[in-house]
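Here you get one chain, nothing else, as structure tokens; it is the form predicted alone.
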Amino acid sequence: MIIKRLAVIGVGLIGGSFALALRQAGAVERVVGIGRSRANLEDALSLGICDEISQDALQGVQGADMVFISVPVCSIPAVLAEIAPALAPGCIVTDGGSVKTAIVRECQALMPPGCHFVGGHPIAGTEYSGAAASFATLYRGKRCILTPTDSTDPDALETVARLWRCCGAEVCSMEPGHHDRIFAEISHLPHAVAYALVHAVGSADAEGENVLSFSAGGFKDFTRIASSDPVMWRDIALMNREALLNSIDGFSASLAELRRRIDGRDQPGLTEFFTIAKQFRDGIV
């Protein structure tokens, strides 16, 4: 048993799966689920994700050894500001947000004396949301990145790392800004591209035909992530704005180069372009 009382704020896919995995591993004694939707909290209770639920965050975090915040990234600092007065001495707060620089900076400044913040980002998920989408094996074999700074408490960092290992995750650490640059490329850009592609195709004028009705497996597989929560991705795009804009510029340049080669009927150039991309893709483990 690592944690006696865990408070999960935002009992959706990420927060709910975190709680389920820890319960299955015997790493937590009691879980309280906190959120705004009573219906979702009732689902979490009936599914065995939580032992108790609360729509009052201040009340819900009282006595917790650890608080896991799993809400849209722009809301994480505001949630911490709300609950900070009720945190017990020694409480560890961590999060599951996929943007880290602003969150870590703001959240560390909000922590009461004797309490500790550890930034985290589990690299796992599906396009589904809500407590009913949670499952205990979501993090098994996946990476979880922790983003400590020079002021992060080492014992709190190790506790959070142990919990993620109990979930089956491989834990690694990196500087928050480095994290954001990497994930702008490999996560935030692909989601932006998927949303833009579906938006473009869905809006295409094809003489009255519903173009999307003809989509088959390839298009559906490629654009699956465009079914993700729009509010969550709105917040990610805005919070990691600078890095994402740089990634979009790089992608736009690559797309423009592809267009140039198609327009010029450049067979060798197209073969080279596609071959290089294939080699990159085949190299992903």
Ligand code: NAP
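Residue numbers here begin at 1 and follow the sequence given. These numbers were taken from a predicted model, which means no experiment stands behind them.
From this point on, the text means the form predicted in complex with the named molecule, which you will not see here.
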Next on the checklist: Quick check on residue 72: any heavy atom within 4.5 Å of the named molecule in the model of the complex?
Outcome noted: yes
Checklist entry - Might residue 148 be said to contact the named molecule in the model of the complex, defining contact as any heavy atom within 4.5 Å? => result no
Next on the checklist: Would you classify residue 166 as touching the named molecule in the model of the complex, given a 4.5 Å non-hydrogen atom cut-off?
Outcome noted: no
Next on the checklist: I'd like to know whether residue 90 contacts the named molecule in the model of the complex, with contact meaning heavy atoms within 4.5 angstroms.
Outcome noted: no
Item to check | One residue of 137, 215, 173, 126 in contact with the named molecule, assessed in the model of the complex (non-hydrogen atom, 4.5 angstroms) | outcome: 126
Checklist outcome for this item: Heavy atom within 4.5 Å of the named molecule in the model of the complex, from candidates 177, 114, 202, 130, belongs to 130
Next on the checklist: Counting any heavy atom within 4.5 Å as contact, can you tell me which stretch out of 20 to 28, 257 to 265, 271 to 279, 6 to 14 lines the named molecule in the model of the complex?
Outcome noted: 6 to 14
Next on the checklist: Could you pull out the residues of 81 to 118 that have any heavy atom within 4.5 Å of the named molecule in the model of the complex?
Outcome noted: 96, 97, 98
